[in-house]
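Shown next as C-alpha cells: one chain only, the form predicted on its own.
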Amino acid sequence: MSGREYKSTDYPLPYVVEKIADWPIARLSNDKENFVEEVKQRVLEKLKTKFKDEKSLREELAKVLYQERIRLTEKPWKADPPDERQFWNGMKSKLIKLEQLENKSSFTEAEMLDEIVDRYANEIVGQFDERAFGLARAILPQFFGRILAAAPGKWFKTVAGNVRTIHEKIPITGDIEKIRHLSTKGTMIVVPTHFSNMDSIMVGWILNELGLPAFTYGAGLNLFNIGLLAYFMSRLGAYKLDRRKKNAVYLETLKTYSTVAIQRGAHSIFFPGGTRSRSGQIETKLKLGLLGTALEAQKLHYKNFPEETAPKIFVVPCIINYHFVLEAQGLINDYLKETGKERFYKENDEYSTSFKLIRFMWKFLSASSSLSVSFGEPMDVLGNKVDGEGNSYNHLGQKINVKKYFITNGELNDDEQRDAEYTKILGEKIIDNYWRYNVVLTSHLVCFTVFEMLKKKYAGYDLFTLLRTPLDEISLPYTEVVEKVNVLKEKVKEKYELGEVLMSPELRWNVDKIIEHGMKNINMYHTASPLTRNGDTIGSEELKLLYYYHNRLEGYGLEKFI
C-alpha cells in the first residue's frame, strides 16, 4: 500500500463500497429473520451436545432461572423488556411441572431451552436502518460544526480563513489507506481501548469518516435508557449486551451471534477490555470471549471454503485518548472502592440523559485537541501482521498460510485448548499495540508528573493516605514542576523515537505552554479541578481525579525519572 497521508480537509473520505444496500451490515439486517434463526439453531446444537441427557439439561435450566431471578430482584433496569418477569415466571412454572411430572409432561427440557434461546437471540439482535444512518450522517457534522463555531473566538475564523475543522480537533493517525483497502478484502474487527461510554459513538463516527461501511457492535443494555443514544444505536447496527447475564445459555448465544455475524461479513467493533477502564490506565488484560469468535469464524471459513477463496478476517487495534473523561469521578471511585476494600464510596458522575450527553459533547469539542484516535497495525486472527492485500507474515517477516495453524495430523479440526491459546496470543498483540500507539497528551503528562512528585514528597504515605491529604497541603513549586515535566517530555520523545509510544503535536511546545494546555483541557469539565495554579505553586482540588489521569502513563517506567 502507498501509506497515503490524509489531511484534515480530506475527510470524510469516499465510501469504499458506494451503495449502502451492498454493505454487509445492511444485507445482514435485511435477512434478520434467517440470521436470528441460524444463530438460534447453532446455539441449540452446541448446548444439546454439551448437555446430552434430560437431567443435565434440566439442571442447567434451573441455574439459568435462578440467575435470572436474582438479576430481576437485585438489578432491574428500565431498559428490560416489559414482559421480563412474566416470561421468567412462566419458565419457572414449566420447570416445576417438568420436575413433578417428569416424562408425563406435554413439553420437554429441549423445548424450554428453545424458548429461552429464542428470547435471548431476539433480545440481542441489532438492526440497521439506512434512513436513520442517513439522518445521523447529515446531523452529526452540522452538530459538530455548530459546536466548533461556538468555541472560543480564537479558534473560530471566517470561511475565507483557515477554518478549524472537527478533524483538526480529533486527529486520526495510522495507515488509513491500508485499513480502507483491507475492508474490501475481508471482514474487519476493530478493537478499541475503552475509557468512556462516548467511545462507541466516536469510533463509529471515525470509521464512517474513513469511508468504511457501517460496523456492528455490542452496546450495554443500560445505554438504551438514554433517549438520544437509544434511538440511533437501535437503528445503526448495535446489538444489545446485558452484562448482568452470566449464565452459559446467554453467553453461548452472544458468542454465536458474533461468530455468525462475522461469517456473514459484518465488520464489527469489539471492546476487548470488556468494560471501561476504572483506573484510567490502558488495558493490560482483555476479556477474550468475543475476541475468540473472530478466530472461530476464521476457522469456519477455512472449513467451508476452498483455501484460495476462504474470506480473511482482520483485527485492527484502535486507541482513543481523551484529555478528560466525563465519567472519571465515578470510574476512579469504583476502582478505589474495589482496591481499597470499601474505603471509598461510589459516586454517580455519568451521563444518564440526552441532555447530559449533549452537554459533554459540547464541552470536549469546545476544548482544544480534546481527543486523539490512532490505529495500530492490522493483524490476522492469530496476531500476525498483514500487508495491504491481507497476506499474513510471521515475526521473521516470512509469508505464512494461516489455515495451517488450524490443521492437526493433516486435518482441519476443532481444538478448544489450541484455539484458546491462539486467542490469548492475539490479545497480547492487541495490548502491545495499545501501548505502542497510545498518543501521550499534554494533560496526561502534566498529571503524571505532578502526582509522581506528590508521591515522592509524601514518600511515607500509601496511596489511600496520600489521596486523603488535606488539599491545602497539596502544593508544589511551579519551577520544579516545569523542570520535571521537561525531563519527562524528553523521555517520552525518546520512547517515541524507539516506537514505544506516540506523541501529540503539542508536546513539541515549550514546557510552560505544555502545562498551560494540559491544565486548560483537564479542567474543562470537572467541577473540582484535578490541577490548579496559584501564583508560583501547583495544587489540586481533587486528588482522585489527578490520580486517574496520571494513570494513563502508568506502566511506561517514567516514574523513575522524577
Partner chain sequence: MKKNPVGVIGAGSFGAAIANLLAENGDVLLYERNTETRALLSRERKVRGFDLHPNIQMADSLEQIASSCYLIFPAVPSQFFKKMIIDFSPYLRPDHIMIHTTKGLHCEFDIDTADARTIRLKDIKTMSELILQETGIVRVGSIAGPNLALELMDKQPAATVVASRFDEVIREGVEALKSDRFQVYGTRDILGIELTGVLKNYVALAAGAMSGLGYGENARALLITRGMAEMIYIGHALGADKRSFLGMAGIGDLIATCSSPKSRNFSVGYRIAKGEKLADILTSLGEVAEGVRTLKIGKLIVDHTWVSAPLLQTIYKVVFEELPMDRAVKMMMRYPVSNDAEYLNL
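What you are looking at is a predicted structure, and each value in this text was computed from that prediction instead of being measured. Positions refer to the first chain, counted from 1.
In what follows, reference is made to the form predicted together with the partner chain, a form of this protein that is not presented.
Chemist: So which stretch, 80-88, 448-456, 418-426, 474-482, is the one near the partner chain in the model of the complex (non-hydrogen atoms, 4.5 Å)?
Modeler: Result for this chain: 418-426.
Chemist: Which listed residue (248, 400, 463, 172) meets the criterion of a heavy atom within 4.5 Å of the partner chain in the model of the complex?
Modeler: The option sitting close enough to the partner is 400.
Chemist: Just give me the single entry in 410, 306, 470, 134 that has a non-hydrogen atom within 4.5 angstroms of the partner chain in the model of the complex.
Modeler: By the 4.5 Å heavy-atom cutoff, the listed residue in contact is 410.
Chemist: At the 4.5 Å heavy atom threshold, is residue 205 in contact with the partner chain in the model of the complex?
Modeler: So residue 205 does not count as contacting the partner chain.
Chemist: Although the partner isn't part of this model, could you tell me whether residue 404 comes within 4.5 Å of the partner chain in the model of the complex, counting any heavy atom of the residue?
Modeler: Answer yes; at least one heavy atom of residue 404 falls within 4.5 Å of the partner chain in the model of the complex.
Chemist: Considering only heavy atoms, tell me if residue 285 and the partner chain come within 4.5 Å of each other in the model of the complex.
Modeler: No.
Chemist: Does residue 394 reach the partner chain in the model of the complex if we count a contact as any heavy atom within 4.5 Å?
Modeler: Yes, residue 394 lies within 4.5 Å of the partner chain in the model of the complex.
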